[in-house]
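Below sits a lone chain in structure tokens, taken as the form predicted alone.
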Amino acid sequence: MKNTTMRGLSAALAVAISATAVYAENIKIAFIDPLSGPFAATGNQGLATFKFAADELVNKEGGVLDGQNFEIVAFDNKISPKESLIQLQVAIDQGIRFIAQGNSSGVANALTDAIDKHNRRNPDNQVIFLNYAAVDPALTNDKCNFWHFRFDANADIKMDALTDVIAADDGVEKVYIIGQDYSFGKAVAAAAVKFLGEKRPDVEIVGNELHPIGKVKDFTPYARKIMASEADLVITGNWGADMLNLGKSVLENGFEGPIYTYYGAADGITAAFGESGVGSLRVVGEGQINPPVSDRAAAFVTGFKEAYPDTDPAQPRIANVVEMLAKAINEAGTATDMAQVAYALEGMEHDSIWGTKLKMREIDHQIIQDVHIQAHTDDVQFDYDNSGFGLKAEDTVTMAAADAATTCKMKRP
């Protein structure tokens, strides 16, 4: 009788321990981005930021629900939409319910379609798409869906802010637009033409061309076209190696005007430009690193640079993704009912670590936030690439495009 009782108690204890272990299992976030190839630096920098933000902003604060931690699981998509879909299925097969991606709107378009279809076919195994950097406007317009949330300002929002600054400069008469030949590059070009036409119809667009993404090694022919056009400034949505190589070629060929970019910083870009980028490079984006908006923001950047001395928190919106997801899970009271987490995310208002209000717009799941025009300079507290140079906010558009129209017609579960 005694042995039977002891065996019963042991079995009950084992079940209790097992249940506790299952309950406390980490909440995994699949990070699907390039970790090899020409855009690996950008992908690895994003991965480091996700890991640091998860640890510093959630796990060290006690996690979510009853002590569950965030765990970032990396998947290399090699910047390929096809490979991304394979990695998406691998992540889903591993039981991961949150998918983070940002590099390449072409990839984001493939993922959002696949996730929407998967969720309709598998109502008991749904996932949420956390888009932290893919800014093709279509993703929150005609291609919007309930499971997709964008935490970056889209290409139109950024261009609207950028052209406000350009339009105020009476010295601008000629503009050259150049970008990568895929959905995002095309969106940047279309937005530049649209907003410049509305705000400064007197400005002449003297060049508007696209080049193959990730395949051009020598941008000299493009730089010579820009010089021959006598453009006063250049606008480009290029990122990664394409941004670095285009910018260097343009400056080496003697261009002296401003180069307005979406991603002209960090990942070796800031160090490569150094002094030559001062007075030339401008970056439009969210999240003010310099000057720091608070001691908390400064501590985050300092801690990141200590943990990852060879990279930088150049995508500050990732901290917003992590904090808002944790908040949504806590408000929903679940990390497994994706519909409830999504309903908690949409419409959410949040005070960003970067000193601005955030609003995840209900109608299209496009985040609304401050957008900054930042200059490449050595007058910074926090540099990029350990170069002594970084970005400093010069102009700010508060809650940019808060009332902008959208063509999104979202179907909710």
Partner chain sequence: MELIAVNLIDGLVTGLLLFMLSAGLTLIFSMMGVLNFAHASFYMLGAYFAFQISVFLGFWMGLLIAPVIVGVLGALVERYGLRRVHQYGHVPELIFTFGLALLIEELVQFIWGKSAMPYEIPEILQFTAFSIAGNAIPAYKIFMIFTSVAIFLVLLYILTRTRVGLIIQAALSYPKTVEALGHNVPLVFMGVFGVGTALAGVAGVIAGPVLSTFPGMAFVLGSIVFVTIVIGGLGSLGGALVASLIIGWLTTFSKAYNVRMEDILNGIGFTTPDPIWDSAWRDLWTLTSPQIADILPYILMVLILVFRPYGLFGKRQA
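Here the structure is a predicted model, which is why all the values come from computation and not from measurement. Positions refer to the first chain, counted from 1. Heads up, when I say rigid core I mean the largest set of C-alphas that superpose within 1.5 Å between the two forms.
Keep in mind the form predicted in complex with its partner chain is missing from the figure; the text below concerns it.
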Legend entry - Partner-contacting position among Ala54, Ala41, Ile368, Ile27 - heavy atom within 4.5 Å of its partner chain in the model of the complex: Ala41
Inset, instruction - Identify which of Asp181, Asp169, Glu256, Asp295 has a heavy atom within 4.5 Å of its partner chain in the model of the complex; exactly one of them does. - result: Asp181
Legend entry - Candidate stretches 146 to 154, 318 to 326, 188 to 196, 215 to 223 - the one whose heavy atoms come within 4.5 Å of its partner chain in the model of the complex: 215 to 223
Inset, instruction - Report yes if any heavy atom of Asp312 sits within 4.5 Å of a heavy atom of its partner chain in the model of the complex; otherwise report no. - result: no
Inset, instruction - Would you please decide whether Gln126 lies within 4.5 angstroms of its partner chain in the model of the complex, comparing each non-hydrogen atom pair? - result: no
Inset, instruction - Would you please decide whether Lys174 lies within 4.5 angstroms of its partner chain in the model of the complex, comparing each non-hydrogen atom pair? - result: no
Legend entry - Non-hydrogen atom contact Ala339 with its partner chain in the model of the complex at 4.5 angstroms: no
Inset, instruction - Between 224 to 248 and its partner chain in the model of the complex, list the residues on our side with a heavy atom within 4.5 Å. - result: Arg224, Lys225, Met227, Ala228, Ala241, Leu244, Asn245, Lys248
Legend entry - Did Ala319 shift 2 Å or more between the shown form and the other one, C-alpha, core superposed: no
Legend entry - Large Cα shift (2 Å or above) at Ile213 between the shown form and the other one, core-fitted: yes
